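Presented as structure tokens, the chain that follows is alone, the form predicted on its own.
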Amino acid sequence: MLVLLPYAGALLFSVTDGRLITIGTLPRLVGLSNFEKVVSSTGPEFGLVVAASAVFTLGTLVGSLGLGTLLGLAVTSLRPKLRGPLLALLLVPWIIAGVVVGYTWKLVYDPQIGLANAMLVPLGVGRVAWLLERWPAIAALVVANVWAAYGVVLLVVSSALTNVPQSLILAGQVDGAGTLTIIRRIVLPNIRRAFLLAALVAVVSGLNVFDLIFVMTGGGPTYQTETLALTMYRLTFRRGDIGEGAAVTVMLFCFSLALAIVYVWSWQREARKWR
């Protein structure tokens, strides 16, 4: 009940004309006009915001799943004495505050002193203004968020890998299967449900990221990297329009809820296969 209470408040405000500067006046009901204003906005266009959110979320999903799974496979292949310390070290980016991660990667992408351009110059590539152009900025944000978010995938996948029956792996090795074949035919099918959970967490976290993008680009250049989370902040705290900001919050909640429903359906479908 306590979890749903803030969303209930957001839903209530989303159908009112509430503003931060309004004092001593009760907000009036305006129906769905706030949602219409958000969708029809031209500064920035709602489609541009949704596209940026989708690309950022999809990039986070693919990158986090790929990197987290590869590292999980590598960690579980080590001896138990080495596995624990290495896993703890690899989880460090996940526990660092998003603001710190944002400022760190902002320095990495600095056009003058950043490590990213320093690595490109010896290859004959000119300096790139990573955070000042749309697609380089989105790519830079995805890389930074993957670095910050792969930890949850690593944790889930490595835990699931420890439950894969060793007898199946040994049987595959006896039959002459190579490492890649064992991973593809034995390991991954056995951790599919955990993989679905990791995917859901990666998608929801990517969809709701605010601090990292706010610190690195602030939604710029000219709203080109603004996501739904930043739109909610801009409308609520910069324009003082609580109603429109709450409308965006409700949209984010609906998107996340839809993803959760898809996950539960997929999980139940996988569970029936194992009965």
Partner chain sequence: MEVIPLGPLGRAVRFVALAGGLAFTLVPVLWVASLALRPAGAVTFPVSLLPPSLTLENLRTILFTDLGIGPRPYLNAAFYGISCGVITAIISLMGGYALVRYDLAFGRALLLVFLALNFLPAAARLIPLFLLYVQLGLYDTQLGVPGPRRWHAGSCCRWRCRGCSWSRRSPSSTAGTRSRCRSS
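Keep in mind it's a predicted model, so treat the numbers as computed, not measured. Numbering follows the first chain given and starts at 1.
We do not show the form predicted in complex with the partner chain, though everything after this point is about it.
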Check: Could you tell me if residue 67 has a non-hydrogen atom within 4.5 Å of the partner chain in the model of the complex?
Finding: yes
Margin query: Since only the chain is shown here, I'm wondering whether residue 147 would be in contact with the partner chain in the model of the complex (any heavy atom pair within 4.5 Å).
Written below: yes
Check: How about residue 256: is it within 4.5 Å of the partner chain in the model of the complex, going by heavy atoms?
Finding: yes
Next item on the list: Using the partner position in the model of the complex, report whether residue 233 sits within 4.5 Å of the partner chain, counting heavy atoms only.
Entry: yes
Next item on the list: Using heavy atoms and a 4.5 Å cut-off, decide whether 54, 138 and 171 all contact the partner chain in the model of the complex.
Entry: no
Note to self: I need to confirm a contact call. Of 192, 127, 185, 134, which residue comes within 4.5 Å of the partner chain in the model of the complex, counting heavy atoms only?
What the structure shows: 127
Notebook entry, point to check: Taking the partner chain in the model of the complex, which residues of 58 to 88 have any heavy atom within 4.5 Å of it?
Noted result: 67, 70, 71, 73, 74, 75, 76, 77, 78, 80, 83, 86
